[in-house]
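One chain comes next, on its own, written out as structure tokens in the form predicted alone.
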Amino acid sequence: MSIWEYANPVKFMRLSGALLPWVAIPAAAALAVGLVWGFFLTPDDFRQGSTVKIIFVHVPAALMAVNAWFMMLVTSLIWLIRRHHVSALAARAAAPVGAVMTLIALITGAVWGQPMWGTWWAWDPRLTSFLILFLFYLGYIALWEAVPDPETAADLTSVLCLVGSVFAVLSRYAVNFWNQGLHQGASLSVAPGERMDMTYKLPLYLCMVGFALLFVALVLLRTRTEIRARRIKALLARERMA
């Protein structure tokens, strides 16, 4: 059995319908436990106080904001190479979810930055690349809506996704590329002296799993909606021609 079989909308609908409960329920459980554990059962940090607890939302959201774009990149490449409609619709479905994740990361970053840096915003390399990534998300969504022909829209948005991937990479690795900037290094690191205490690490891991599963569940759900919408448009077009 080949994975490309699921490019068939009927088979994708059958598989995604079976998978959704197995993804959505663990996502809700992981988020509920992780957020309650992180916000209410962990102590304040001796330097950052209670502000440190923003990491339980900020870090998973930022991680999924970047990974969502990479998922869109893969599905866009599949569309450009193999012309599988489900892959193009999956990329379209993931864009609003990724945009929301990026917005959450920007807002929570600002909330953390105000007491830590004394400002809500700084033109830090990582913050700036994240803001540009958010604008790319908005542009991607707008381009889908602006082009009436679905295949042309899929082609143009796939090219835009390729270009925007540069800023997805910068959003992830800007701290490594530039030593300047206010943004701290990676919250989770194997480097000596940069290890997070297990008190915070365990609930953070749980929140990261919850955000990842939530992203998968929302993309599956939205892709199913896109397929149904495409079917309805095709049926209406047939009726008008009849």
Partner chain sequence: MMPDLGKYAVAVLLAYGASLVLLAGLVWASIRRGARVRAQLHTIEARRSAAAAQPPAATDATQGKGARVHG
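What you see is a predicted model, and the numbers here were worked out from it, not measured in a lab. Residue numbers count along the first chain shown, from 1.
FYI, the form predicted in complex with its partner chain isn't displayed, but the following is about it.
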* Here the chain is shown alone; which of 54, 209, 216, 63 has a heavy atom within 4.5 Å of its partner chain in the predicted complex? -> 54
* To do: Considering only heavy atoms, tell me if residue 229 and its partner chain come within 4.5 Å of each other in the predicted complex.
  => yes
* Asked: Heavy atom to heavy atom, is residue 44 within 4.5 Å of its partner chain in the predicted complex?
  -> yes
* Examine residue 48 and determine whether its closest non-hydrogen atom to its partner chain in the predicted complex is within 4.5 angstroms. => yes
* Asked: Might residue 74 be said to contact its partner chain in the predicted complex, defining contact as any heavy atom within 4.5 Å?
  -> no
* **in the predicted complex, residues of 99-114 near its partner chain [heavy atom within 4.5 Å]** => 100, 101, 103, 104, 107, 108, 111
